[in-house]
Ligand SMILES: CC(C)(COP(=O)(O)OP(=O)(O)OC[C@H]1O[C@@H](n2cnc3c(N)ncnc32)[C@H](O)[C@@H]1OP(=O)(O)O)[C@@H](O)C(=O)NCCC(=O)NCCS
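Below, in structure tokens: the form predicted on its own, a single chain.
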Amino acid sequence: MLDDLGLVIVFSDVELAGLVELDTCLAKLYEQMQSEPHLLHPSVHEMAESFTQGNACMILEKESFCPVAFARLIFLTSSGSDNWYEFGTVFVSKNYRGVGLGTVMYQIFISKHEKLGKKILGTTTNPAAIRVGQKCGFVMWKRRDLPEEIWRSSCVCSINKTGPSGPDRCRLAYGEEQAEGEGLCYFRLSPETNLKQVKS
């Protein structure tokens, strides 16, 4: 599918080397991301760090090497023998939405990291991301059904989003008493993580 669209996916700075400079790509993505209300807007440095650690993927146009999509895993915490990561900063350029790039990143990138034993959750207020995640097997969880250290490590939104009580009583969290209306924040577990969590 990526070939048909003239695109290529890369998972590390080593794969990107010789094609284009990482910071240049990420600066272009950063600019495009600023108009997205559902993203937490990481810095170019934070995205580069994820990429060089092998915890990010980028989709580029084959000819121009212009970046059109990005996603990364953000380390949350260690719980027992498990390392928990959040699937975040999932971005697809407006010109490439609706062709399945989000699905590609969910399926290829998440599968690659699940095989390494990483526990993966995603949080989002974006209805499109929720639909793609469900299509790829992500399962919704009420945040307080997860271990407290896990959901706390993921609740990093500003007070403007969470409300004056902060993450303990976030006004957006799905499954909380005060959560009403649209724009709720949904916690979702990747297929493999969900299976492990249900069994534990």
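In this text, residue numbers run from 1 along the sequence as written. Quick caveat: nothing in here was measured; it's all calculated off a predicted structure.
Beyond what is shown, the protein has a form predicted together with this ligand; the following relates to that form.
- For the candidate spot formed by 39, 98 and 129, every residue has a non-hydrogen atom within 4.5 angstroms of this ligand in the model of the complex.
- Interface residue remark: residue 90 is counted as part of the site for this ligand in the model of the complex, having a heavy atom within 4.5 Å.
- Proximity of residue 135 to this ligand in the model of the complex: non-hydrogen atoms within 4.5 Å are present.
- At least one heavy atom of residue 103 is located within 4.5 Å of this ligand in the model of the complex.
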